[in-house]
Ligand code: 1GP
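Given next, in structure tokens, is a single chain: the form predicted on its own.
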Amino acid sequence: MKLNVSNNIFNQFKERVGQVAVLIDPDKYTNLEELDALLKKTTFAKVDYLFIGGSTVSSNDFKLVINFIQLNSKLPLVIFPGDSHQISSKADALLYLSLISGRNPDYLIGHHVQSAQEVYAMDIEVIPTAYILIDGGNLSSVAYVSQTTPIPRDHRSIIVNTAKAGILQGKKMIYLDAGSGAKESIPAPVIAELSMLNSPIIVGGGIRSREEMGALRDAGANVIVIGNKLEEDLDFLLDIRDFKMSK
């Protein structure tokens, strides 16, 4: 049994700023016709990655959706796991998230121990990731399920020091998340300060406009994650295409 030590997806993440990932929550895409329509449009929109995962996903729904995506899309597929059962060799990479903004041991190390034997044996790229939850103006599902308190968005020093602690622990990436359905996205000045740490940055939650995406790219975000906005308005993929074409 040998751990996959490839860095293909990680190297793509750090290659440039302004990349776009579409987050697919299997809870919301069990209708495979709707999922197929989304997949076709993500290719047209020049999306860089598909992320898959959610806070309350059943094992059956996760397997159903990831199998369908693997068969029907050529985009790199990255698991954004909500718990220990959201793992699969059908993906290209797994964000090995530690929720370091919270103090719940299950999300710091507990779920990792439960899945470690299976992940270790999988032929999948594993990317240790410092996951930091920021207050987006509402109670997000990840905050509720993980029973952790997000960092206030105006406490920049706490955010930065939390990210630094993650890097010192050996995390290869920083993932800042305002949570599902956030009213406010991560402030661009926070991203700008974190970009000085020279670790790739993923940012998601509450991003609803091309202007916000541009500000986050200009601040140094490597990957911008869009989820809820597409559930509300699938035509936002046209804005994503315009954003991608404007670089």
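Computed from a predicted structure; not experimentally measured. Sequential numbering from 1, following the sequence displayed.
This next part talks about the form predicted in complex with this ligand, which is not shown.
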Partner contact for residue 226 in the predicted complex: this ligand, 4.5 angstroms, heavy atom: yes
Is residue 181 close enough to this ligand in the predicted complex to count, meaning some heavy atom within 4.5 Å? yes
Counting only non-hydrogen atoms and a 4.5 angstroms cut-off, does residue 20 reach this ligand in the predicted complex? no
Spell out, yes or no, whether the shortest heavy atom distance between residue 96 and this ligand in the predicted complex is within 4.5 Å. no
Within 4.5 Å of this ligand in the predicted complex, counting heavy atoms only, one of 84-92, 101-109, 152-160, 171-179 shows up; tell me which. 171-179
